[in-house]
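Here's a solo chain for you in C-alpha cells, the form predicted on its own.
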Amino acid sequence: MSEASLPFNEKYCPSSVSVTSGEKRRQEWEKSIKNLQEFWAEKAKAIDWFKPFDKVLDDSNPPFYKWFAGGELNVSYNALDRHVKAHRKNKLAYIWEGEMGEVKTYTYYQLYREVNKLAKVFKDFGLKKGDRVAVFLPVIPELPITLLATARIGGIHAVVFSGFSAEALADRINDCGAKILVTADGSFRRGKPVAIKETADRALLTTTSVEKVIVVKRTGQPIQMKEGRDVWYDDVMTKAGANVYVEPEHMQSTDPLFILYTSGTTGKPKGVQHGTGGYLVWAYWTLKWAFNPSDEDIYWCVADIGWITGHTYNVYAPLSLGVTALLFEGTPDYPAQDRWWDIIERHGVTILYGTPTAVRMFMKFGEQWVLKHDLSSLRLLGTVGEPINPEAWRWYYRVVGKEKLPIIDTWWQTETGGFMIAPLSGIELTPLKPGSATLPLPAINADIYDEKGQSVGTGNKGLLVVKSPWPGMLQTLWKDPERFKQTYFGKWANIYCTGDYAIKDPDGYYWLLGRADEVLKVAGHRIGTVELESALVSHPAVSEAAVMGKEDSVKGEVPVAFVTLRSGFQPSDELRAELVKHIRTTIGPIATPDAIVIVNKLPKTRSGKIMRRILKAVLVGAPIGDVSTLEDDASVEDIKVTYEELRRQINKK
C-alpha cells in the first residue's frame, strides 16, 4: 500500500481539541466484549420498555440472533411520546428546508400530533400489526411522519428511494406485499417538477397487493387519481380529526420494524429486515457515542431517507435522543454551489454529517463558495457512504472545519443498522488519521481475514469480518432466510462477512478499501479500486476519480480511470501522462492505468453515489440499463464520447 493512499504513520487531531490517549474508549470496548450481556442490559435502559426483556441475547439459533427477547416497546413512543411527556414537548424535532427554499418546523408535540393522525388513517384503512406500507416519497416532512405512524400501529415500512424506476418500485412492492402505498404527486429536482405519482401508477399496473394509495400534494402538478384506491393525504388527515390519539402497539423486541432493499450481486434486490428493540438501542447508542448530540445542537444528516443512513440517522436515532434534526430536499449545488454552507449559516447547524462524494464535488467548485459563509456554529463534521480519500479529508478539515473540527468518518452498511467503525466524541475524542474510520465501536468484535479464514494481522489486506452479534444487525432477508445465511454467514460459520476489504495499521486503526468485488487482478496482483482512486485524488488537478477494470489478454485485467478536474485545470495529453506517472510513483508500475478518461461529470445517483455499473458498461460496450436514479443522464453521453475519442487516439498510435 502506498503512503499517499494510506498514511499509516500520520496521527492527527484538531489543534483546538485535547488529544486523548483513547484509553477510555479502549476500556469501554473491552468491557463490552468481556461482559456482552451485562453491557447491553445496562445500555438498553436508555430507551423506554413497556415490558422488560427476559434475555439480552438469545443465540440459540445462529445466525438468527434475537436481541432483548421477551421485551415489549414501541419505536414511535420512544421517538415522540416520551419527549412530549417530558421537557421536550415544545422543542424542535425537525427543521425542513425544501428544494424551492421553503422552511417548515415541527416541535416534538406537533410531530406527535401528525403521527397520531396518520396512524388513525392507517387503522381506518384496515392496516394491522405486521402489514407492510410501501413509501415512495421525496425528503419532505410526510416521509418521517409516515415511518413513525407505521411503527406506531405495528406495521412494517418499506421505503423506496423516490428516484427509482416504476419497475424497481413494483419489484419491491411485490416482494414485501405492501397493502398501502404512500407517495406524492411529484417532487422538485433542480427547480423542475418530477412526476412521482406517474411512476407509482406504472408500478401499480404490475402489482396486486396495494389497496390504498395516499398521495401527498407537493408540486401541484396534474395527476391521475384512481377512484376507490387513491386518496389525498391532506383530505384523510383532516378527516382523521385534530386531536387524535392512537395507542402505540406493544411490539415484541424481535418484531420487524422495516424492510429496506439493497442491491444484490444476482441483480435481485435483497430485502434487509431490521427488528425493533435491538435496532433502536443500537441507533440510540451509535449516534450518542459518535456525535454526542445535546439539546442545544442542530444536527444535519444530509442523507435521503430512502437509504439506511436516512432511516437511522435522520429519523430513529435523533428522535430517540430528543435531538433537533435538519432535513433538506434537493441537491448540494442547487440553486447555487454554496447551498450546504448557506443552510448551515442560516440555521446555525452544529453537526454536519455529509458524504465524501459531496466533499470532492465541493473541492472541484473551489474554496470561495465555503469562505463566503460564517460556519462558526459547526462543532463536528462527519462522513458516510464510502471511504474518504485522505486528500478530501484534509480539505474538509482545513476549509470547512477551519483546522479545528474533528471529522467523524463512519463505516457501516445497510445490514449493520448503524455505525460499526468510527471515531467517537461521546466517550472521548478518538485521535484521528485522514482517511481512516479509526476503531470498532464498543461491542463490535471486528477482524480482518484472509481467504482461509485466518486473521491477517497488521498491514495486510483482507476481508473485514465481525466475529460476534450486535443489537443493530439485520434479522434476516425478507422471506429468504437461506439467502441471508449464505450471503452473510456462508463463508465462515457464525462470522459476519461484510464483503469489504480492509487493512489494519500498527495502531489498530482500520482502513477501508471498498467492496471485495471492486478489486482488480492485474497480472496476478490484487489492487483495490479505492486505493487507485485515492492516489488519483491526491493529485492537485483531480477532483473525483472512479476506476474500473477492463479485460486484457496479457494481464487479465487493466485499470481504466475516469476523472473530473478541479477548477483551473484543463484536459490535455500532458495532464494524462502526468496522472499516469503519479499512479506509478504512488502505487507502483503494476497499477499503471490503460487509459485516463477526463470527463465533465461522473454519472451519479441522486443520492450522490457514482454509478460504477454505467462506467463498466461504457468500457465493455454493454447496454447502459436503467438510469432512472441518475442525477444527470447527459454525463453518460459525455463519458461515452470522451472515452471513444481517447480510444481512437490510442489506436492510431
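As the structure is a computational prediction, the values presented were derived from the model and not from experiment. Start at 1 and count along the sequence shown; that's the residue number.
The same protein also has a form predicted in complex with a small molecule, omitted here; what follows describes it.
Enquirer: Does the 4.5 Å heavy atom contact test between residue 414 and the small molecule in the predicted bound form come out positive?
Expert: Yes, contact at 4.5 Å.
Enquirer: My question is simply whether residue 262 lines the interface with the small molecule in the predicted bound form - judged by any non-hydrogen atom within 4.5 Å.
Expert: Residue-level check for residue 262: yes, a contact with the small molecule.
Enquirer: So in the predicted bound form, does any heavy atom of residue 333 sit within 4.5 Å of the small molecule?
Expert: Because no heavy atom of residue 333 falls inside 4.5 Å of the small molecule in the predicted bound form, the answer is no.
Enquirer: According to a 4.5 angstroms non-hydrogen atom cut-off, is residue 500 in contact with the small molecule in the predicted bound form?
Expert: Residue 500: contacts the small molecule in the predicted bound form.
Enquirer: Since exactly one of 76, 146, 314, 410 fits, which has a heavy atom within 4.5 Å of the small molecule in the predicted bound form?
Expert: Contact residue from the list: 410.
Enquirer: Out of 583, 473, 308, 216, which one falls within 4.5 Å of the small molecule in the predicted bound form, going by heavy atoms?
Expert: In short, 308.
Enquirer: Only one of 118-126, 232-240, 250-258, 383-391 gets a heavy atom within 4.5 Å of the small molecule in the predicted bound form; which is it?
Expert: Flagged stretch: 383-391.
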